Structure formats: structure tokens, C-alpha cells
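One chain follows as C-alpha cells, the form predicted on its own.
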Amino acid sequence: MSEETKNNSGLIGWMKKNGAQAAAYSGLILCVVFFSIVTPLTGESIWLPAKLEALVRNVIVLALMSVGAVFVYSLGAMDISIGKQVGLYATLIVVVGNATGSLLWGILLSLVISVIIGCINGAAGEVLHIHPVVSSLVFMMVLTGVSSVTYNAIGSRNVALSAFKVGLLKEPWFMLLVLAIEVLVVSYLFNFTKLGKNARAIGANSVSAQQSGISLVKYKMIAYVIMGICVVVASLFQMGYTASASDSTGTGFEMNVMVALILGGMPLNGGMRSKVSCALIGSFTYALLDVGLPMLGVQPNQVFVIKAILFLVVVVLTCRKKSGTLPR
């Protein structure tokens, strides 16, 4: 084999292994460079303090959810009830907080519910022999009904905290601090413990993982519970942004998480190439588009179209397999 052939083989092999991550990093860098050059031409830079604060606020809830969702997506699964969970937890924190005079009890109740939902979502697939997305669809519909009943009983489409100061939840430095702590904890669990190793092994080949002695039910439940806890943390900041919650809180968040992870290079079928960094790269890319495009005069509905096109391009370029684009 010639030296040129070896070099080409090495380059092709590297691209097959790292192509998704390379594309994700390139996309983020391209967005940073593009908006850094173009937005000043409109009269204000995306890096002005006010815009940076908006960028952090846009990215924090999405990043907190996406980091936790890495465990579930590494299984080759997804949870489409995330958005409704955010709405439920934000509402509980407000309502219970107003009733008890402390946000703590609402947070603890939300954590308990998130663990229950996570355990059911994680176990249902194996116990009932259905895809986990089915159980999450059921929860999405149930939580939608719970939200409707709750707000009908309240007699309003939103509830606000009555006597709480939640200014700390709006501080960019505090948001980034909490995100950094969550990233460190999840990264340790995902990269240096058997929780992450076994989750990736299940995503790579669930049959082989089971034959190797890995309990599919156990590790799927743990993955969904970890994500659920991260969703509660995200819900706290979502609620804190306006010090209120409504029947539309969290709507569409499940799709935002999916788009962010795919933009970050997360393989749809999960497996060994799943990384926590995918959540951060994708979330910041998504937030840059959310803040930067309107500054260029792009209308909100057009922003959705642009993000949808980018999502499809990334999926086609980085997630294709011989058997097709989508996971099993």
C-alpha cells in the first residue's frame, strides 16, 4: 500500500469516526464568526452586555435539559414528554411555593415526580416490549391533561409567585455556575462510571450489552432519572425567568433538545460516540441562532425554518447509515 493510500485511508477513517463532532464544532465556530462580523453592521454587536445576557438566558434552560438528555439519547432513545414535564414542575414550584412560603417543597415534590416518571419511562420499554418513546408520548398526553385541569381549576392561564425574590435565578453568572456544576457531575457519571459506559453499550448494541450481563431495565431507568433531575433544575430557571408559570410553559422544549443535540453532533442511534459536549455545542449554536438571526431582521417564523433546514442538513450528513437515516 502506497504512502498516499495510507494517508487517505487514515483521513477517511478519522472523518468517519469524528465527522459529526468536526461538523458540530465547525457549525458553532461559523456562527460565532458570522454573527461577530455581521451584527455590528446592523448597529449593535451580539457581544454587547445586553445581548450576552439574552444569549445566556436563551441557552441556560436548553443546555441544562440537553446535558441530562445525553444519557437517554446515548441509549438510542428519546423522551418527548420533556416539555410538559417542564410545565408541570414550574407550575408545582410556583403553586406549592405560594402555599408553603418556600420554593424548596415544590422543588422536592418535582424531583420525586421526575424520578417516578423516569423509572416508568426507563422500564416500560423492556417490561412491555415497546419503544420508550411510546411511554413518553403517553406521559406527554397525561401531563397535558393535568395542566389543563390545573389551570382550569385556578381560573387563569398563568400563576405567579406572590412574595418571592428570584433575582438570583436571573443572574447570568449564577446560571453559568449551575450549568458548569451540572456539566461536571454529568460528565463524570457519563465518562468515568459504569452508568455512562453501560448506557453507551446499550445504545451501541442492546443485545450484546444484555448478553454481557448489563441490566437493560436498570440502566435505562437510571438514564431517564438523571435526565429527569436535570429537567427539574431547568424548570427552576424557566420559572425564575418570569417568576411565574403558565399552561404553555415548556411547549416545544422536547424538539429544541433534539435539535440542539443533533446540531452538537449527537448520533441519533446513540452508542459509543455519544458525548456530553454535544449538548453544550448544540445548545450554544441554537442560542446564537435564536439571538443573532432576529438582529439581522429575520422574522420569528423564518428563524424556525432556518433552524429546521440546518437540522435536516446535519442529520443527513452525520447520521446516515446503510439501513437509513433514522435510528432503529
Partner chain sequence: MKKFLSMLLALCMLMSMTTFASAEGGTIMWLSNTSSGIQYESTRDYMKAICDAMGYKLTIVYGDMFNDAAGNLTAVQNGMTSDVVGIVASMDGGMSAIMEQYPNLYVAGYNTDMNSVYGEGGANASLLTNDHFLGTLCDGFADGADMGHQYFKVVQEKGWKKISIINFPGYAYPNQTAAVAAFMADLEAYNATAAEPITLVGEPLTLEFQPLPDSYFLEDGMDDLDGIVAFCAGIIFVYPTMITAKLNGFCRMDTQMMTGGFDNNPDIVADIGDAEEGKTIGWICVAPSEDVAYALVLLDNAITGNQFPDFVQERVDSASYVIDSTEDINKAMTKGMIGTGDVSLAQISVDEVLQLAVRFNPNATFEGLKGIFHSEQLSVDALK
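Numbering follows the first chain given and starts at 1. Quantities reported herein were computed from a predicted structural model and do not represent experimental measurements.
Keep in mind the form predicted in complex with the partner chain is missing from the figure; the text below concerns it.
For the candidate spot formed by 148, 160 and 301, every residue has a non-hydrogen atom within 4.5 angstroms of the partner chain in the model of the complex. Shown without its partner, this chain lists 208, 152, 193, 100 as candidates; in the model of the complex, only 152 has a non-hydrogen atom within 4.5 angstroms of the partner chain. Taking 62, 291, 31, 259 one by one, only a single residue has any non-hydrogen atom within 4.5 Å of the partner chain in the model of the complex, and it is 291. In the model of the complex, the partner chain sits within 4.5 Å of a heavy atom of residue 241. The partner chain is not shown here, but in the model of the complex it comes within 4.5 Å of a heavy atom of residue 170. Taking the partner from the other structure, the partner chain in the model of the complex has a heavy atom within 4.5 Å of a heavy atom of residue 156. Contact between residue 114 and the partner chain in the model of the complex is not found at the 4.5 Å heavy atom cutoff. Checking 276 to 284, 263 to 271, 43 to 51, 64 to 72 against the partner chain in the model of the complex, the stretch whose residues place heavy atoms within 4.5 Å of it is 43 to 51.
Residues 238, 241, 242, 244, 246, 247, 248, 249, 251 are the members of 235 to 251 with a non-hydrogen atom no more than 4.5 angstroms from the partner chain in the model of the complex.
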